[in-house]
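Shown next as structure tokens: one chain only, the form predicted on its own.
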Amino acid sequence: MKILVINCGSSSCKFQLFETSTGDVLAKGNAERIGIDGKLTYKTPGKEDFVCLDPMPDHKVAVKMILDALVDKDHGVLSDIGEIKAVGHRVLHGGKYYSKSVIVNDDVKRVIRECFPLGPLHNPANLTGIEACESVLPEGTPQVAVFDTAFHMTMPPKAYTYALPYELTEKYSIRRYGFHGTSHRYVSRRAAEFLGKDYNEIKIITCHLGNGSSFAAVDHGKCVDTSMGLTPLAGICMGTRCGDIDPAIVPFLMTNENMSPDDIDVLMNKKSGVEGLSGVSSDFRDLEKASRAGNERATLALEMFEYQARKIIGSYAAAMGGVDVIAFTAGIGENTDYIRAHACEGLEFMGVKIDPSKNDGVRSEAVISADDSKVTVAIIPTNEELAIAQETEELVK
């Protein structure tokens, strides 16, 4: 089945076309600078990359350009747009309403709109992408919303509730939602499959480490805790996000630095994390180079990231009463061996033992724990787009 996966931002529309029977990507690309001037980058295996600089005044035009490229006689991979049997949309926030992916109807669109305050940068763009596809695809083509938050909706109240006045948490739906859910779901399932274990019988900690990072505790196939919260700001320190801090720091800075709520939001989301700590970069490759050159702040940023990762892994093992598998994924988790090693350093007491010869330089699906490690540690590359395509296929079938 041919499934188009769409991930819309405020001024961009990333896409991949899958043949789900094989998992092959038939074409992919990005329509960017929507509403400014427009640039469509289109790639397909075995053919030269195609770039179109035609104007894109809105997402509807951008989606139409993507579909035209897919059936183009020179660059396309489809003979007719009707070959696309469904479209899977990545949607950031489903609030408390959805614990799984859903076929889009008016009620789903209403919920996505109601969640605008919870995902102000993503949900409006995600809804725009859905409506743009509805307007240009053949009538009746199923649209599926795959929510970043859905996988985490199995958490128990003790894990997702904040200790604020209960009336306020109910009024404003304030709770731990968690994000990267599509990645955590895919990686945890793939880890079990790769290791030949029953997904519903093991305890897994998934470590999605990238510019944005989060962890999930998956107990017998269900997420029971995750590190991000009401927003993706919570948890470990990240590229430019501060992660968990003492909440009293917010009014302290507002008073002493004469900062507004918007100023604080920008500070914590875009000017903090390892970039704010190091003064060097949000890119961990740059931090590594700076640390090796003797930059103490870059070294501190790396050590904090590794230390916080280790604490979260340890706490999730405690929360589940043990752990069978630790899976590293995403840009840093898949490609940075020393961070994987340092994140597991000191966890020998709970049966975690990394084999340097298996870990060093490895960037593909692999077991990196020692043969006598009681806990299996693995690298499991994530594939959120394929997961969206698979979930979309399951629903429309």
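All of these numbers come straight from a predicted model, not from anything done at the bench. Residue indices: 1-based, along the sequence shown.
What follows is about the form predicted in complex with ligand ADP, which we do not show.
Per the 4.5 Å heavy atom criterion, ligand ADP in the predicted bound form is contacted by stretch 277 to 285, the sole one of 277 to 285, 164 to 172, 127 to 135, 97 to 105.
Shown alone here, I34 lies farther than 4.5 Å from ligand ADP in the predicted bound form, counting heavy atoms only. At least one heavy atom of G331 is located within 4.5 Å of ligand ADP in the predicted bound form. Interface residue remark: N211 is counted as part of the site for ligand ADP in the predicted bound form, having a heavy atom within 4.5 Å.
Looking at S369, you'd find every heavy atom of it more than 4.5 angstroms from ligand ADP in the predicted bound form. Note on the partner interface in the predicted bound form: the residue among R363, K39, K353, K43 having a heavy atom within 4.5 angstroms of ligand ADP is R363. Using a 4.5 Å cut-off on any heavy atom, the residues of 334 to 358 that reach ligand ADP in the predicted bound form are, in sequence order, N335, T336.
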